[in-house]
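One chain comes next, on its own, written as structure tokens: the form predicted on its own.
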């Protein structure tokens, strides 16, 4: 495979964005890296996150990818600008919560943002809130409880249900009517989150928006594939069998035609 789109995440969460890219751009070939060995990133320092993500991006650059998508909010808010300076020849698309959209669709002026601790505390996210939701009441919460559970494949069941009820309680008390998900892992919990928050709360994630931005960048650079064929590789730095099981659970039938490998960086 040549002329690939590279996608990076700390684990399997970014598969939510990868899936949207593969759906929207069916002629494109992709390579996805999950740094499962070092996941979760949310509780690490910005410097640790930068060093780890730079290794992932360097790997993709050596594969001569034409675009890199950082399918991780935590990496984006911690070091997107540094990565762009390090690799100026390759366009890099980041991932942030759809705060602007949330501010536009709220009816009662109260929105919630749920992300990892690192993302919630970042200056990057603070600036987004000030820019797009300054006139609203915003509950910006970070948690590092959910990502490890998702990485273990517990998308349904008693453990994740208990954790979600605890994490989401402040949003219920705050009476939000829109929740923006600020971690790609949380995409796979949308159904459960909706059941807890109720039908009057709109839940937004950024997967579709990131896929559209990837298409826009490729189109502007005249790099969209013109061939009616594609191939995909999913790579992990962690346990291969666990990654295969979880990827199959998340992707369903689409998983069957994909190359799955473990890599060391």
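Not measured: the values here are computed from a predicted model. Positions refer to the first chain, counted from 1.
Keep in mind that the form predicted together with a small molecule is not shown, yet the notes after this line are about it.
>> Which is the contacting stretch out of 103-111, 162-170, 183-191, 129-137, given heavy atoms within 4.5 Å of the small molecule in the model of the complex?
In response: So the stretch in question is 183-191.
>> I'd like to know if residue 78 sits close to the small molecule in the model of the complex, meaning any non-hydrogen atom pair within 4.5 angstroms.
In response: No, residue 78 is distant from the partner.
> With the cut-off set at 4.5 Å between non-hydrogen atoms, does residue 39 touch the small molecule in the model of the complex?
Replying inline: Contact with the small molecule, yes.
>> Is residue 147 near the small molecule? Define near as a heavy atom within 4.5 Å, in the model of the complex.
In response: Yes.
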